[in-house]
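Heads up, the chain below is alone and in the form predicted alone; it's given as C-alpha cells.
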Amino acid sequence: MVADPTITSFTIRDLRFPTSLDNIGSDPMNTAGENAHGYIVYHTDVPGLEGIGWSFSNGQGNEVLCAGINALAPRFVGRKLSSMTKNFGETHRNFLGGQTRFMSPERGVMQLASNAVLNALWDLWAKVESKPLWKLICDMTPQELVNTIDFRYITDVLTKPQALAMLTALESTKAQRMQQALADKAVPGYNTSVGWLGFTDTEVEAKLQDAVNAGFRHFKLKVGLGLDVDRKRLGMVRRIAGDEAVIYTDVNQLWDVDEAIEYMPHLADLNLAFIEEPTSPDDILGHSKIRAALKPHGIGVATGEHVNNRVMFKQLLQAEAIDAVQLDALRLSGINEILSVCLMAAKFGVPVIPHSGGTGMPELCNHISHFDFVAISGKQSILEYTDHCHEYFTDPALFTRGFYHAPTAPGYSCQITDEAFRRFECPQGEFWKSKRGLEMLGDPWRGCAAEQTS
C-alpha cells in the first residue's frame, strides 16, 4: 500500500469510438452515435501510480466535455489523497461549489466533467488500497461509507443517521453476500446488444441466438417504430429465447406522456417487464402518470440514464414514478452521489439497474452493482450488458454463465489501452485522420437523421 500520494499534474484526452458504423447504440433518438470519452489521468509523486477517470458523450461536443474537465481538474493538483478522502462527503460538496456552479448547478456538462474528475480520485484511492473499487466500498464500515456522501437536498427522505442504521442492519449478512460476489454469482445480466434499432431482422435473430447460447435469459429491445415492427422483433425473443425469457423495452424519450400510455398496452400480451425512458427524462410527474396507467397491464416503468443528480432521483422515488432506478455511472457526480442514490433506492425498495449501454459502461457499472448488492441494498438485481469495445480496456468486464464476474484488478476499471488512443483519439487518431473519419467530423448534423450528410 502507498502511504499518501500527492497529485502533481493531469492529462486530458478526447477519445471517440466510431460506433455508429456498426449501428451500435442506434435508437429512436440517436441514429448515429460515436461513444466518446473525456478522459483524465491524474499523475502523482509515486512513479507509475495514476488516477484515471472519464465521462461519456455521444461524439460531437466531446471537446466541450474535455474543456469542462480541464476547468475543474486543477482543484486537486498539489493535494494529498488523504486530504480528499478523509471526509469525502465534504470534498464532494466543496468540489461542486465555486464559480463554475453558476453555469449548471449539478447538471449538464459540468456535472459530467465533475464525474470524470471524481472517478479519477476513486480510482486512485482504490489503487492505493490495492482493491477493486467495489470491494473498497464493501470493506468500509457503515460510518466510513456514509462519510463519503453529501446528504444535502435529500434529508427529507434520507438522513445520515438513517443511512447509517440501514447499512448497520446489513452488516451481519454482508460476509455471505461477499462470498457470492467473489464466486461471480452476485450480478446477473441482461443483453442490450441484441436489439439496436439499426440492426436488420437477420442480425437481431443471430444476436439473440448467440446471447441465449452465452447464458442470457433477459433481453432489451428498442421499440417505437410502429406496432407491427415492434411486435415482429419482440416476437423473435419469444421464439428464440422462449416464454420464460424476460423482455425489457426502451424508447429513448420518443413519446409524449399520453402517447406512451396509448402505445404500450398494445404490446402487453408479450409479457414485457418495463418500458424505459417513455418520455422526457426530466418529466417526473409524467413518468408517474405513465407508471400508474401501465401498471394494470403488467408493464413497469424505468428511467435514469439521463438523470443528472440525486434530487431528481429523490423525486422520482417520492412520486412512485419508476420500477427501476437506472442510474448512469457517468451522469451523476461520481461514486459519492451514486452511493446516495443507491441508499435512497434501497429505502424505497426499488431495485438499482444501472444504465450500461455505452463503451466502458459495463466496466464501471459492474462495480456499482456489486457494491449495491453486497453493502447497500442486500438484494440481487440485474445489470445491462453490451458486447462492444471491451477489448480496449485493460480490465474488461467479463460475463459467463449468466453472471458478471466481480472485478479483481485494483481501481475502477477505467484504464483504456494505448491501441485505442492510437486509433481513436480525436482528432489525431488513425481513424479520425482517414477520409471516412474526416467526413464524419466535418458533418455538423452527424446523428440527426433528417439532416445528416456523412
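Because the structure is a prediction, the values reported are computed rather than measured. A residue's number is simply how far along the shown sequence it sits, counting from 1.
Beyond the structure shown, there is the form predicted in complex with a further copy of the same chain, which is absent from this document and is the topic of what follows.
The putative spot formed by Asn94, Gln99 and Gln315 is fully lined by a further copy of the same chain in the predicted bound form; each residue has a non-hydrogen atom within 4.5 angstroms of it.
Only one of 371-379, 77-85, 264-272, 340-348 lies within 4.5 Å of a further copy of the same chain in the predicted bound form by heavy atoms, and it is 77-85. For the options Arg291, Arg331, Lys222, Lys135, the residue carrying a heavy atom within 4.5 angstroms of a further copy of the same chain in the predicted bound form is Arg331. The listed set Leu170, Ile240, Leu234, Ala71 contains one residue whose heavy atoms approach a further copy of the same chain in the predicted bound form to within 4.5 Å, identified as Ala71. For the chain shown alone, Thr155 is a contact residue for a further copy of the same chain in the predicted bound form, at least one non-hydrogen atom being within 4.5 angstroms. Within this chain, Gln60 lines the site of a further copy of the same chain in the predicted bound form, having a heavy atom no more than 4.5 Å away.
Residue contact check for Val311: one or more of its heavy atoms lie within 4.5 Å of a further copy of the same chain in the predicted bound form. Using a 4.5 angstroms threshold between heavy atoms, Met140 stays clear of a further copy of the same chain in the predicted bound form. Residues of 246-260 placing a heavy atom within 4.5 Å of a further copy of the same chain in the predicted bound form, in sequence order: Gln253, Leu254, Trp255, Asp256, Val257, Asp258.
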